[in-house]
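First comes one chain, alone, set out as structure tokens in the form predicted on its own.
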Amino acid sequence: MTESAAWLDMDPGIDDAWALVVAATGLPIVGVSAVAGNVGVRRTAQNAREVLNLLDRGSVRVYPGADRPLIYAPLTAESFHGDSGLGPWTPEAPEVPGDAVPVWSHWAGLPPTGPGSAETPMDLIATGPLTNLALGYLTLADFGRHWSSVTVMCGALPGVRAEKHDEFNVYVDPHAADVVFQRGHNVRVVGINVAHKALLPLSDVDRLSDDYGRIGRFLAAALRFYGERSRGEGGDPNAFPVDDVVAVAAVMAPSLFEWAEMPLTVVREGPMRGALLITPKDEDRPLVNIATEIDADGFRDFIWERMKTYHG
């Protein structure tokens, strides 16, 4: 398991919420930034605060970020996540106030942790649309120096057919995703073609409710809602994907995955909007590490091993 610190950029969202719960078992979380995605940014920030409070991590600051994609109108996913973003759960945490300084400007004050730095390595994990990250790269000359790695949950391996709702994060803001792939270094991508191989049986939701205290009861209520709406994705009608937890596993247990390096471009307009393509050779783009396979059984073992933190 890695001993790096982490910053999470999220749009909670039910699977984002579980991703935050799992990350907190082994990653010192420096901060959380919220972005519009599954629901609006005020709600995603409030949901992140709600989860942190449940984890007794109230000292971790939540920063509201972008309230819309770079170019397109906002697109949300209440049909999967509910009006609150957390299914039937109504957040009790107060609304997170807008910060006078946007999160991408706050990032400018972070110490460099990239190659050659003496600071503690810090991984950036993004499980929502990549708008905040793109604004970081576009407005801060040394944004990439803050991160030992940037892991994003979006898209699908080039050549893999995926419906647009399956690749929601890159579809919502394809221009932002393209900025990240153009300017980022040490970027890792977990696409839905891999995440959907690591399904959670619907029957496992009861295990959460029975064995993991208030955290488990919170997750079980949200995941029952989400699981009934996403069951069948990945081909098993009795299971559902937890994509954002897979992205956290890519940082905490990268040996569960197989990886390939390739430069990526995003289709930004038209009927193929959101598709990932291998960049033509005449374009100068850094290589991106993209997950090609996952040990699905090992991933499920990873989840329950990490959840032991909340047992009882």
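What you see is a predicted model, and the numbers here were worked out from it, not measured in a lab. The first residue of the sequence shown is number 1, and the count goes up from there.
Another form, the form predicted together with alpha-D-ribofuranose, is not on view; read the next lines as being about it.
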So in the model of the complex, does any heavy atom of residue 243 sit within 4.5 Å of alpha-D-ribofuranose? yes
Close approach of residue 169 to alpha-D-ribofuranose in the model of the complex, 4.5 Å, heavy atom: yes
In the model of the complex, residue 38 touching alpha-D-ribofuranose (heavy atom, 4.5 Å): yes
So in the model of the complex, does any heavy atom of residue 177 sit within 4.5 Å of alpha-D-ribofuranose? no
Stretch in contact in the model of the complex with alpha-D-ribofuranose, which is absent here, among 7 to 15, 298 to 306, 285 to 293, 20 to 28 (heavy atoms within 4.5 Å): 7 to 15
For the stretch 76 to 90, which residues lie within 4.5 Å of alpha-D-ribofuranose in the model of the complex by non-hydrogen atom distance? 81
